[in-house]
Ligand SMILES: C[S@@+](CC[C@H](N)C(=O)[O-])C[C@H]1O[C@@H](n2cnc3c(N)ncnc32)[C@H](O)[C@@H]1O
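What follows is one chain in structure tokens, specifically the form predicted alone.
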């Protein structure tokens, strides 16, 4: 029997995903400042083989409500630019920065495909769960490549699709959400074509499924508080959505890809 994902989302829900209300709703599962699973532990896990230095310059693409930007500024005294397409996410991050105005962080609304990031500007560029929304990934990745300093690192993680045949249910889900998922291999190939040296690439689907389970457990533990603020319909929406995403991971439809790339210090002519 096939499962229909239509009960988990609608085009209207997807369009409003990054409203202030929905950002705060998601933080009930992810933690304050985060709009993806894993919190600060995920940053440390993804960057475990990346040389991070005190005082480095960081660009956080798709900064959401600011958790990653605050992490790098606080732990590494990094100068951070957080950029997001969603106006409500930037407004929320700026509000939180006013409470920690000593931190060298700037939050800016922008589109990674068109915003002028400058050249050779950042030691580290972090990007998580952004490019699945973009059909043409080359513009954004070229922009990132230009903005990265020679020798700098690009830490890229996103929802990808599996290499095998995708289930009809998952294909419907991608269309409903207006997702443009690539395989990890496809992403690596284009990055190399642009000029990146791909240092490492990993399929973190098992890690993702475990984190989705933890998110769901956290929501269930805090059910009453969630219901008071957001109501039963939103609780059921998130619960069913997470259960479906866990199944997609188990079916190898949905893959969490991690790609570590660098910009060579000396270009090969």
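Quick caveat, the model's predicted, so the values are computed rather than measured. Residue numbers count along the first chain shown, from 1.
Beyond what is shown, the protein has a form predicted together with the ligand; the following relates to that form.
- Taken together, the three residues 36, 63 and 111 all come within 4.5 Å of the ligand in the predicted bound form, as judged by their closest heavy atom.
- Of the heavy atoms in residue 134, some are within 4.5 Å of the ligand in the predicted bound form.
- Though the partner is left out of this view, residue 129 does reach within 4.5 Å of the ligand in the predicted bound form, counting heavy atoms only.
- Although the partner is absent here, residue 188 is not a contact residue: none of its heavy atoms lies within 4.5 angstroms of the ligand in the predicted bound form.
- Contact check for residue 182: every heavy atom lies farther than 4.5 Å from the ligand in the predicted bound form.
- Contact with the ligand in the predicted bound form, defined as any heavy atom within 4.5 Å, is confined among 146 to 154, 96 to 104, 80 to 88, 163 to 171 to 80 to 88.
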